[in-house]
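Single chain ahead, written as structure tokens, the form predicted alone.
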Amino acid sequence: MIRLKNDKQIDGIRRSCKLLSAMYRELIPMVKPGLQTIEIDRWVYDWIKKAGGKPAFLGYGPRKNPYPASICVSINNEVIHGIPGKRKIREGDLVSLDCGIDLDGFISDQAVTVEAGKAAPELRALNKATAECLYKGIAAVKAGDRLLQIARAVSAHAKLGNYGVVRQFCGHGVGLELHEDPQVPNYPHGSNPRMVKGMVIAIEPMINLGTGDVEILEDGWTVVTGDDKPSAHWEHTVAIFEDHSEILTDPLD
């Protein structure tokens, strides 16, 4: 069931989103070669708690294997849900950061891919194209139109660069819970509800340099590309109104 939000709820989600983007503005310059990913996670946890929020990802998921960190840090062939640990970021890595904040019960969700040091031209091109896919998808958001217009816009732009579009994972409703209906795919398939006032959705293209196929590692969380080629991931939280849409998270590119 799609949960429509009223203006007061959207304002609460907006405040959570602005806080999340403020965190990213401090975090992104720190993502450099030599940094351990666990250091990112510890910094994020402390920042969110000091700001009066809760890490929305920490403890999320199945009771037997909840997500163990406050942020997902996915490097190169890791598409999403990379668990922070002792791994050090290297020169030229693509580092995807995905995080959410629970602020007074209102949930934000945003992702950005950072180029650590000087990345190879093909990786810079992939990252740029993925961010463009995100904004192509956002441009397709319009009350009264169908949800799969977003997917068509994302996949069409990805195809221009012969990139692989991840199909097994997608965007989603967000705001009162981390993952809500509807699913927001990045290629046209599945249900196609009409976009209406009060919907708040996370649009998040996951675009690969090679195949769109992915696998899940034994940790039950980390998603990697099927051919071990790099991936990029960008995400915004977007609210839909009668006559416009609003990106609730701030631009990070």
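Residue numbers here begin at 1 and follow the sequence given. All of these numbers come straight from a predicted model, not from anything done at the bench.
This protein has a second form, the form predicted together with a small molecule, left out of what is shown; the following refers to that one.
Here the chain stands alone, but in the model of the complex its contact with the small molecule, taken as any heavy atom within 4.5 Å, falls in 66 to 74 among 66 to 74, 209 to 217, 44 to 52, 187 to 195. Although the partner is absent here, R146 sits far enough away that none of its heavy atoms falls within 4.5 Å of the small molecule in the model of the complex. Within this chain, E78 is remote from the site of the small molecule in the model of the complex, having no heavy atom within 4.5 Å. None of the heavy atoms of R90 is located within 4.5 Å of the small molecule in the model of the complex. Proximity of R152 to the small molecule in the model of the complex falls outside the 4.5 Å heavy atom cutoff. Residue-level contacts in the model of the complex: of L178, I138, V165, A131, one residue has a heavy atom within 4.5 Å of the small molecule, and it is L178.
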